[in-house]
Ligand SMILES: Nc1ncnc2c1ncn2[C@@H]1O[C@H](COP(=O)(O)OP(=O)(O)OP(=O)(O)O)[C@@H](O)[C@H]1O
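Okay, so here's just one chain, in structure tokens, the form predicted on its own.
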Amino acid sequence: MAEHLHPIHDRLVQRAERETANGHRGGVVWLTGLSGSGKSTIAAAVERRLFEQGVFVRVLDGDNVRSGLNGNLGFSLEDRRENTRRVAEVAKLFAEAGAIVLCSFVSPTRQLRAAVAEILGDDYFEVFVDTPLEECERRDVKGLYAKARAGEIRDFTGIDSPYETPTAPFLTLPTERLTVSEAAGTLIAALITPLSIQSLSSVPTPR
């Protein structure tokens, strides 16, 4: 830390106070998987259902981050690393404020995800959205996979850039066997105890 920076932690509302007021712990749920695997869709469904139960929750995903905070970054490995680092640091601030943060990012390598885990520590919950490449291509409404196979997009994960499957995630969601509602419910149920979500007496009913 630079010598001229002086954190004011002793004058801030403490994290424990925020979490008590919110009725749950802060934490970062990091959804990783191929493009088109369903990460953002599941995150949005979880956010809606938790929000309706009074939970302090926020989604961060590639589209809303790269259109602003990380608008200067591309998709090279170096830029992916910096994109991931910035997101993790922002998510950490949210978690320290007592929020549950749903981060939806490909984050294709174990090294990238290990760097996130190092930043977030005990607040990190890695969720593997397990969807086969063929299914991701079938779902691809933006046509990104077709462009990647045609050479119009370089360094596209799953085509000419590798995706490394998580070895020990907090949770795996096999989306070929789960609807969006089922995946969202499964994730919420898994989070209730570790994040001490007191406002949920049961998993919200799928809408």
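What you are looking at is a predicted structure, and each value in this text was computed from that prediction instead of being measured. Residue positions are given as counts along the sequence shown, with the first one as 1.
If you look for the form predicted together with the ligand, you will not find it shown, but the lines that follow are about it.
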{"item": "In the predicted complex, segment of 175-183, 146-154, 46-54, 159-167 with a heavy atom within 4.5 Å of the ligand", "value": "175-183"}
{"item": "Partner contact for Asn70 in the predicted complex: the ligand, 4.5 angstroms, heavy atom", "value": "no"}
{"item": "Gly27, heavy atom within 4.5 angstroms of the ligand in the predicted complex", "value": "no"}
{"item": "Distance check, Arg139 to the ligand in the predicted complex, heavy atom within 4.5 Å", "value": "yes"}
{"item": "The ligand contact in the predicted complex: Asn64, any heavy atom under 4.5 Å", "value": "no"}
{"item": "Heavy atom contacts to the ligand in the predicted complex at 4.5 Å, residues of 39-64 in sequence order", "value": "Lys39, Ser40, Thr41, Ile42"}
